[in-house]
Each structure stands twice: as structure tokens, then as C-alpha cells.
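Given next, in C-alpha cells, is a single chain: the form predicted on its own.
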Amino acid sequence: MDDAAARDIEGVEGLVEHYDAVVLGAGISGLVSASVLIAQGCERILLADEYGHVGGNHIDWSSGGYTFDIGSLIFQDDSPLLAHFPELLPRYVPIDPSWARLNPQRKVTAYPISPRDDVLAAGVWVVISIMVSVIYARLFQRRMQNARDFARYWIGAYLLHRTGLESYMKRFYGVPAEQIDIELARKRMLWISENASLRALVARWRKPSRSAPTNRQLARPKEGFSVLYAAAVERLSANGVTFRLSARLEGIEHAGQGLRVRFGDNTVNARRVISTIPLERAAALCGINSGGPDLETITLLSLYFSFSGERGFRESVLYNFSHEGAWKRLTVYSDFYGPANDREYFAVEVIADHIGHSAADAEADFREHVRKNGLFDGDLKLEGSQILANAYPIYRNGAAARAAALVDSLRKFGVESFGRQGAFNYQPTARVSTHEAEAALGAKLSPP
């Protein structure tokens, strides 16, 4: 920063602190942003979050010897996140996860699609129906306007329903697939066009891939995410980053050649403000009106169970592709960390809007559904539950354009906004979050 700019900022009445940059949000995007800014020469950085912890939506919950997570997050030992925080690697737990899905025929089978169970073992008339459906879609349903159109074009309406993919899409996106923006479908559902056409299904059945992954799968420490991200906090703190958690943000405004960030108890000034917090929250802090419908986000309800008995599946992660049951995914954490109190334990994800935001209703629905499908035979006990707002974006038609306009308005105001929350951009892994934060700040990308 030049001397004139520094004088402008330091002359602001009521100034208590000055930073080269303020980063809002202490999730993956925020932590990586602070690391990039240090590499770019920033000496004083404030990393603030309205949450009381580091890690954003990487949240765990512990009770009675069990530690659960909101969501199911698996890392890799070649993640670019480790280029910024190599101290994290020895804190992870190596795991060997497996994935499956419960299909509408009440069978636990391959995720996300099984050529054998979904097509070839279904009988000749089902195979013929699938082929006719695909041919019809390719000839008469070429115009794709939403996520359902996209999936139907590639695998046909019959297979889309038979596999349960359409039901799962609604559970994942939070709204019916026909209301989901086509651009998101093209970006996030490319695997359908690459792997789920009839030709690809037959090829996979005839010559299934058996190549082993080139990277090692990892999970957060058994004690929880706080132990993991403590290493990142230590590195950043040693390099000039000040952490302010449980911060009460009240506004962002111009101050000379920089920006002023108002908290509940003081004001700080900086030349740069990086935002990775929810997009509309950042816009409101800057006094920017979106001028349109609110951007919708998923509220995630997580149920935490312990269990003693026989499971009806072997895999660590099970997705609900059936046409019934509100839950969308369960993750068996005791497969990674071992049992506790001689019991297995797992978390179940439910879109809160699909069950009236009621943990009791979600539990009752889950118990009834798994009973019908023979998934658990024994003592199933609810240990607790959590609700998380702003878990990830709902890409209802038009939302992506509204989000892009808000990001541009913030940029013109002087705030750089990006990330899952900051750009209303669904990011499935820490790898993606890291690369996109680096790209947004003009950093040299970490090796993949």
C-alpha cells in the first residue's frame, strides 16, 4: 500500500485497527484466501467469521464417545489444500471408503448407476423399454431447459425413473429437477453424459474398470474438525493472520482508498476485503439490493444414530435413490474410526424443507423407511441432531444469473466475493474450493 492510501485510511475517525486485507469467512475458501494473500505479500490480515469455529460448514458433533459430522466429506492426500497447509496431512485418518445406493427396487447396488441391476438383469422387456425411451428422447426431446431434460436426454425417462436418479435429484437439489438450471446440470452432471448412456452402461458391464485410485482417501481426525483446522490456524497466525470468531458484522463501506468493516464493538479498515460468506449477506452488509427474488439455499437436517445389530449393507456411504423416504445419504463413521461403546454410529442427511424442519418427523420417516428396506436389524438409537442453514445453493432456474449479478455488484463496490457461499457456487470438494479460491485471487495454482 502506498503512503497516500495509508494516510487516507489511517485518518478515518474512530479507526481502531488497520489491515492489509480482511477475509470474511473461515471455511476452506477463507483459509486458502488468507494463505494466498500471505504469499502475495500481505503482512496483516484479519480473518473474521460469524461462526464461533474455523472450518465453515465442516462441523462435527460429539456425545458419549461418538463424533459425527454434518455431511459426508472425504479428502485425498494429493489435495491442493495440503500445498497451503501441509500440517493437516498427518492429522487425517487413512480410510478405505465404499459407496452404494438403495434403488427403487429395494436393492443395495452400485452408485450412481448399475448396468447389471438397473438394465441387464431387469429382463428383456425392461431393456427394450429403456432403449425405446432413450431413442425417443434423442429424437424428440433434444431441447434441454433444466436438469431433468438433461438427464432424460442422455438416459431416457424410463431409466431416469427406474434407477431412482430423478428422486435423488430432488432430494439433493431441494426442488424438483425440472426447476433446476440447465447450466448447473451441464456443469455438475457431466458424468451422466459420459457414463450413463446405454452404450457406456453396456461397455462398463462387459469390461468393468478395476483400476485402483492413485490417491489415498482420508477422513478428518477422530476427535473432530477442530483438531484438523487447528493446524491451519497455527500456520496462518504465525504469518500475520489475526482470527476473529463469533464476530458480529454490521456493515462494509468505503473509507478513502480502502474499505471500512464495522463490527458490533469496533471498526477496522483495509485496502482489500475478501468475502466467502453467503452472497446475499455480503451484499446486505454493503447496502446492495439484489433487486430480485432471494437466492435459496439448502437447510440440512442431520440425524445422529448409534446401532447394534446386523446391517443390510456393507458400504460406508449409502445414498437413497428409492422413491420413498426423505433422507438422502447416510455415512457410517464407525467404519472409519471403529465402534464406540460396542456400537456402530452413523449420520443421516435430510433436506429440512422435505420434513417440515422437524427432527422427530425425520427420525420417524427414516426408521420406517429402513425397516421396509431391511437396512438395520437390531437396536437403533438416536443420539442427537443438528440443523445447518446455507448448506449449499439451490439452483432454481435463473438463480445462477442473479448470483453472478450480485458478485459483479460486490466487485464494483470493492469486495471480492467467491466460493461456495461467496459466489453461490456449489463446490463438492476441498480440492475444488482450493483451486477456485486460488484462481479468484490470481494465484499460481497448486499442483493437482
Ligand SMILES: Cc1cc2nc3c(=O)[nH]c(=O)nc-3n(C[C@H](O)[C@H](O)[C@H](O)COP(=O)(O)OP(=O)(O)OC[C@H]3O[C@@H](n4cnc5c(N)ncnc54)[C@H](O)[C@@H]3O)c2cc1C
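Because the structure is predicted, anything quoted here is derived from the model rather than measured. All residue numbers are counted from 1 along the displayed sequence.
One more form of this protein, predicted together with the named molecule, exists but is not displayed; see below.
- Checking L303, V233, L300, A177 against the named molecule in the predicted complex, a heavy atom within 4.5 Å turns up for just one residue: L300.
- The contact with the named molecule in the predicted complex, taken as any heavy atom within 4.5 Å, belongs to F75 out of F336, F75, F366, F307.
- Here the chain stands alone, but in the predicted complex its contact with the named molecule, taken as any heavy atom within 4.5 Å, falls in 417-425 among 417-425, 395-403, 375-383, 60-68.
- Among residues of the shown chain, R116 is not one whose heavy atoms approach the named molecule to within 4.5 Å in the predicted complex.
- Taking the partner from the other structure, the named molecule in the predicted complex has no heavy atom within 4.5 Å of any heavy atom of S35.
- P278 belongs to the set of residues with a heavy atom inside 4.5 Å of the named molecule in the predicted complex.
- Of the heavy atoms in L249, some are within 4.5 Å of the named molecule in the predicted complex.
- Residues L388, A391, Y392 are the ones in 386-409 with at least one heavy atom within 4.5 Å of the named molecule in the predicted complex, listed in sequence order.
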